[in-house]
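Presented as structure tokens, the chain that follows is alone, the form predicted alone.
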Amino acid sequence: MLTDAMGLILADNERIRLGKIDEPRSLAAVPFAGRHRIIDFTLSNMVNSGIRRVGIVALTRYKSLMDHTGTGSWWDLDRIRQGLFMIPPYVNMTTRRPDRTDSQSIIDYVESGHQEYVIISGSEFVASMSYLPLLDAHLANGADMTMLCVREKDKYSAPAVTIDVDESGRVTDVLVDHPLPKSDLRAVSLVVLKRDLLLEILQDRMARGYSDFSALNLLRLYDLLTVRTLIHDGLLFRITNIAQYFNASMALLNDEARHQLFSEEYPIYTKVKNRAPCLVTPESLTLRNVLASDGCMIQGNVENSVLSRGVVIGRGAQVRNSVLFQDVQISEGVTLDHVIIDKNVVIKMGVRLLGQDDYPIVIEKNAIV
């Protein structure tokens, strides 16, 4: 199955910061669900939707992202004529520095494709889905642009883009980080529009000096273009702050949520690393509700936690409600609760770190605590 659409993934979002965990990497490269990264879900969704040409707009901190995606072979995108394209920033010839406000590289990518439509996705959400319903809705409603949205009936969490729509589903207002929004519709950075229209928008904005590119900037054209929405009622995690990231990670410990995100219908692909299966030694007296990746060695007690590849839990350690990234080492007698620990961190013997649901403790990459 091939879809007459190319994909465009925005790896960064300057409005979103996840504290210490996205300082050394782009938002798309942030680890999620153990051995995966956020971009795995977007790339897999595009491939599962029949998209065979995907560009990744990487503005800053993209070393980790390039190392993870490689040639795109893990997503069957290492192709001769289509495949995966990395779109780095242009370098200003005067300053010899990357120019973050230059959209010319995106224009070049879109112009070189022959597909009629472009599906643009941000990296601030995680879902397992097909993009074909969004494309079908766009073809049926006759709009210039169609954007996915969700109803956020629970606690409001900024940053967020709130939208108002009329009876036909046309966007009539866009509010950014409004403290008391009346509408419960939140825009998701997933947009479909025609290739020629996107080129026209990009060229016009560059000519006017507004050459930066984001899904929000496209949505703000609602007063000039016909922008309609499609409401997504399936599982979708918005990740726009560290509390949302932590709560989304903890939600994966629920069987129903995990099975929805990792379904047989829409498989999620990722970079494979050949490591031994997770080892649990007899010293581990408590192992309850744990999502552990390959290469882990658990000698202590772990509850309600997500462990990435190569995590080592020492004897007598107590790890609860925590997210540990790749190759983290937890020494003997350590106590962790509501903690996010980045890659290659060592926690020395006897250390106690206790956070809260909305304020987890975050330990930066390569730290020794």
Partner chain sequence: MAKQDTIAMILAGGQGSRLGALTDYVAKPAVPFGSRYRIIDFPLSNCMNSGIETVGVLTQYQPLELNSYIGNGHSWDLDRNSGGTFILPPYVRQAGSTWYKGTANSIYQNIPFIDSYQPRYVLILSGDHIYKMNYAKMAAWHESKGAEATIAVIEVPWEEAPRFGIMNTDENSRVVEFEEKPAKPKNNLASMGVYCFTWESLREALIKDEQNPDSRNDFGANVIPGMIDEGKGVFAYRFDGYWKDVGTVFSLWEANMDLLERPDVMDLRDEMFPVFSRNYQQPSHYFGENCRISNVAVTDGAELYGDVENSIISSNVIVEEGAVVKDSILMPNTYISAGVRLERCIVGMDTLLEPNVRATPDEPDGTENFRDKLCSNGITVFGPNLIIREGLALKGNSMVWPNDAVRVPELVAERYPSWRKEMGQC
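Bear in mind that the values here come from a model prediction, so they are computed numbers and not experimental data. Positions refer to the first chain, counted from 1.
What comes next is about the form predicted together with its partner chain, which is not displayed.
- No member of the trio Val346, Tyr359 and Ile363 reaches its partner chain in the predicted bound form with any non-hydrogen atom inside 4.5 Å.
- Its partner chain in the predicted bound form comes within 4.5 Å of no heavy atom belonging to Arg151.
- Proximity of Ile80 to its partner chain in the predicted bound form falls within the 4.5 Å heavy atom cutoff.
- Using a 4.5 Å cutoff between non-hydrogen atoms, Pro267 counts as a contact of its partner chain in the predicted bound form.
- The shortest heavy atom separation between Val30 and its partner chain in the predicted bound form exceeds 4.5 Å.
- Proximity to its partner chain in the predicted bound form, defined as a heavy atom within 4.5 Å, holds among Ser130, Asn141, Thr226, Ser73 only for Ser73.
- Proximity to its partner chain in the predicted bound form, defined as a heavy atom within 4.5 Å, holds among Cys296, Val191, Val171, Val161 only for Cys296.
- Heavy atoms within 4.5 Å of its partner chain in the predicted bound form are found in exactly one of 131-139, 183-191, 247-255, 118-126, that being 247-255.
- Along 265-284, residues Pro267, Ile268, Tyr269, Thr270, Val272, Lys273, Asn274, Arg275, Ala276, Pro277, Cys278, Leu279, Val280, Thr281, Pro282, Glu283 each place a heavy atom within 4.5 Å of its partner chain in the predicted bound form.
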